[in-house]
Structures are given as structure tokens and as C-alpha cells.
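There is one chain below, alone, in C-alpha cells, taken in the form predicted alone.
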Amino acid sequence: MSDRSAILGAIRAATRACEVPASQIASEAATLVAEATVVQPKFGGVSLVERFVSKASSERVTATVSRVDTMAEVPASVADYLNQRDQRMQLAVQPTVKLEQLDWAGFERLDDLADDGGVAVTLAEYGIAETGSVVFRSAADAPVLLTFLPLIHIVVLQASTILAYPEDLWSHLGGADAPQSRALTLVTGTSGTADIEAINVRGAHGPRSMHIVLVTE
């Protein structure tokens, strides 16, 4: 027996697919999709907001979270965060009405971000409590680059938009026949990689820091 035959024989002997018919695997997969509650974790009585904060600020997701009561308090919270990090009061703000109508006096507003740098403030459409993710859809007032290009990504999230599970998101997007944005992005914390020598590096493919300003109202 050749080495190749020996290796392939070992793989065939070890694989479950040899023992389980493909039709059974397909049936089991369909059951999991149809009954999402079978695999969805329970939150142990914790509220959606507390679950979201716990996951978003966990060691794996690595975002930070501050809380304010109203949208009007967002600029002050952003200023506090930048001061704590000795950052300049210079940022790009997503051109959406809810952010544009806030008082950004004291900040230098930028139209564009420098490559691989800068601070952007964006408004998440939804949050996902299970994973600590935030959801963005591209639009004329929601340019995609503000989500991926900045070194520091500051996300404004209204607590009322936090959903329990990723599966809950789809019904809020209007269904399969509704017009959709060109890009739908679920962002879970900062960009990271350990591809080189298993050393964890943040900011390799996107923002190095993510801060979420959670608005109670």
C-alpha cells in the first residue's frame, strides 16, 4: 500500500460520514435551522442590555462600553473617552440625522478619514445580545468605510434596538422580498488576528479600538 492510500484510508476510517447517511445529516441540519431555540443559549435571567454589555466588553470581543441616558449626552461621552486616551478631538461623524443633530462643538469634524487612522462615530442599527455584535447597513447616510477604516471606532447604540439572537435580526430587515442595502455588516468587537506566530494583534484588518456608547432612551 502506498503512503497516499494509507493516509486516505485512515481518513475514510475516521470520518463519521462513512457511518451516517448524507440524508440523515441533512435532516439533522434542517432540524437545527428550523428550531433555532434548540441551540440558542439562555441568558439566565439577565436582561438583553446586560447580556449585550457583558459580551461586548468580554476578553474575546474587547470593546469598551459607556452608558448615557439620552442622545444629547453622546458628544460629552465621546469627549470623555478620547480624553482618557489622550486623543485629539478630531473625528468623522456618520452623516445620519440622529448624529448630525447633536452638538459636536469642541470637536474638529472631518469629511474623510486618513488611511489606517483616525476616529469615526457611527450609529448602529441594532445590537445582538448573544454575541455583543452591532449591525450596520450601507446607505447614502451610512458609508461603509466609517465602519472599517478608522483606528478608533465609536459606536452609538440605542438600548431599545438590542435584539436577543442573530436569528431575530432577519425579520427586522423586511424579509427576502424587501429591498436590501448593498452591504449588511455585523461587527463583533475589534479587528484581530493571530496568524503570525500566534501573537494576538489588534487592528490588523480594521479598527484597533471599539467603544460603544449605549443610550438608554
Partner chain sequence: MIQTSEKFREHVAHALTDADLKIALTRTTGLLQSRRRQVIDEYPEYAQARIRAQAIKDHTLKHLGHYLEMFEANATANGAKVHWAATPGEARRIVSDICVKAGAKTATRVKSMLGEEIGIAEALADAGVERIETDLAEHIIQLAGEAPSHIVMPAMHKTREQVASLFDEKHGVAPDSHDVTDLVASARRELRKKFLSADVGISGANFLIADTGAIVTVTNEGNSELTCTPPKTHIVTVGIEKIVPGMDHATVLLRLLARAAIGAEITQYTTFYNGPKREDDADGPTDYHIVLVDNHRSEMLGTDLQPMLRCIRCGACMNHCPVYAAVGGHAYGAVYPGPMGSVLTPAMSSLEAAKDLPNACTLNGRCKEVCPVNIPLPDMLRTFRARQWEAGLTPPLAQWALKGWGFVARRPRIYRLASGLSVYGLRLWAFGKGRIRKMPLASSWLKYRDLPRPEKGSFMQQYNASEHAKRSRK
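Residue numbers count along the first chain shown, from 1. Note that this is a predicted model, so its numbers are computed, not measured. Only the largest set of C-alpha atoms that superpose within 1.5 Å between the two forms is called the rigid core.
Heads up, the form predicted together with the partner chain isn't pictured, but that's what we're talking about next.
Could you tell me which stretch in 81 to 89, 132 to 140, 67 to 75, 103 to 111 has residues with non-hydrogen atoms within 4.5 Å of the partner chain in the predicted bound form? Contact-bearing stretch, as computed: 132 to 140.
Going by a heavy atom distance of 4.5 Å, is Glu217 a contact of the partner chain in the predicted bound form? No, Glu217 sits far enough from the partner chain in the predicted bound form that none of its heavy atoms falls within 4.5 Å.
In the predicted bound form, does Leu184 have a heavy atom within 4.5 Å of the partner chain? Yes.
Gln180, heavy atom within 4.5 angstroms of the partner chain in the predicted bound form: Gln180 belongs to the contact set for the partner chain.
Quick one: is Glu167 in contact with the partner chain in the predicted bound form, heavy atoms, 4.5 Å cut-off? Looking in the predicted bound form, residue contacts with the partner chain include Glu167, since a heavy atom lies within 4.5 Å.
Even though the chain is shown alone, can you say which residues of 69 to 96 have a heavy atom within 4.5 Å of the partner chain in the predicted bound form? Heavy-atom contacts within 4.5 Å come from no residue here.
C-alpha of Val38 off by 2 Å or more between this form and the one not shown on rigid core: Moves: no, less than 2 Å.
Take the rigid core as the frame of reference and indicate whether the C-alpha of Ser160 shifts by 2 Å or more between this form and the one not shown. No; Ser160 is a residue whose C-alpha shifts by less than 2 Å between this form and the one not shown when the cores are overlaid.
With both forms fitted on the core, give yes or no for whether the Cα of Asp69 moves by 2 angstroms or more between this form and the one not shown. Not so; Asp69 is displaced by less than 2 Å.
Classify the change in Cα distance between Ala26 and Leu184 in the predicted bound form as closer or farther, relative to the shown form (magnitude of 3 Å or more). Between the C-alphas of Leu184 and Ala26, the gap narrows in the predicted bound form (3 Å or more compared with this form).
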